[in-house]
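Coming up is one lone chain in structure tokens, specifically the form predicted alone.
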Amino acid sequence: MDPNSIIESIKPIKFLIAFSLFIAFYIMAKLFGKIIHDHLKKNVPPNIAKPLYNTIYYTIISIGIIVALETYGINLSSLLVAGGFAGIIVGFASQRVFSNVLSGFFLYIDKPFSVGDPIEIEGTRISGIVTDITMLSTRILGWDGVTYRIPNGTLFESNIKNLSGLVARRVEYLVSIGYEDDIEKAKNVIIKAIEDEPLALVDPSPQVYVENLGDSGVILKVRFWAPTPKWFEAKTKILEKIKIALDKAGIEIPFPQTTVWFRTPLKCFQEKKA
């Protein structure tokens, strides 16, 4: 029998075997993927469950393709050598991607924030509302209307301030009054202005005390609490009311002043006296 004819007859058999193996891996990917997907759907948010399912599914499919090609007789070693340099580049990129995916998983476990929370990232100027959390990155809508996309790896390593951690937040001001003004009177005027505003909480009660003796006046620290959703509104509204109340009470908010003292009288003053 002609060897060439034998080889030709073997090729269709190899193809059928290789194709059958690929179909087997495809079915396995579907079944195994469905089990994993159903489990993840019950225990993990959709933004994390879907990428994990896709990773498992396409990994099994890729293995099936490799096994089928090897069974058919295609030597993949040459392809691997040819793609070696590309593999190195992809490897470096995939490390970063894997880091972001892993960080996204840890952020889900740690739960420092959720979609809709106002947050602030320490060491940056980024603060705003969390609008989306994916496996690779988190999107924040800033107070200025700009959307920021932050890789989860970077976010996981940052100090995050969740501005909605409690139902109430504290507001603080530094208010300066003149040295000639009555401190107790100023404190009472400020507390009355706060207590008259419905946005300020009664408990904890407002606090006003001397924080420092400044160059131009006495520095008072003002503290009160407001509901977290109304924090910014309360902060801006009550500060304006404090200014109006101090003006009505005749209490001055001094501007910076500097007193200059000369060791010897100036010549121009000496001439005037003469």
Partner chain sequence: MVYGSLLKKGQVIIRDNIIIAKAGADDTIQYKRIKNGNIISEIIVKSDDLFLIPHPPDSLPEKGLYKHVMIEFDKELAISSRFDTKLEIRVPLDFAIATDPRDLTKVIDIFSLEVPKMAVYGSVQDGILTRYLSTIKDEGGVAILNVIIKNQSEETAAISRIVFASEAFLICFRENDQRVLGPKIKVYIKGSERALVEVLPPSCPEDHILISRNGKRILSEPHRFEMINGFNKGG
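The model shown is predicted, which means the values in this text are computed figures rather than measured ones. Positions refer to the first chain, counted from 1. Here the rigid core means the biggest group of C-alpha atoms that line up within 1.5 Å when the two forms are laid on top of each other.
Missing here is the form predicted in complex with the partner chain; even so, the following discussion is about that form.
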Evaluate G214 for contact with the partner chain in the predicted complex, applying a 4.5 angstroms cut-off between non-hydrogen atoms, and reply yes or no. no
Give a yes/no on whether E122 approaches the partner chain to within 4.5 Å in the predicted complex, heavy atoms considered. no
In the predicted complex, W225 touching the partner chain (heavy atom, 4.5 Å): yes
P204 near the partner chain in the predicted complex, any heavy atom under 4.5 Å? yes
The partner chain in the predicted complex has a heavy atom of only one listed residue within 4.5 Å, and of L136, A168, I160, L141 that residue is A168
From the list D196, E172, D110, E184, which entry has a heavy atom within 4.5 Å of the partner chain in the predicted complex? D196
Out of the stretches listed (124-132, 173-181, 111-119, 187-195), which one is close to the partner chain in the predicted complex, meaning heavy atoms within 4.5 Å? 187-195
Which residues, if any, of 133-151 lie within 4.5 Å of the partner chain in the predicted complex when only heavy atoms count? none
Cα displacement of T134 between this form and the one not shown reaching 2 Å, rigid core superposed: no
CA of S164, rigid core aligned, shift of 2 Å or more between this form and the one not shown: yes
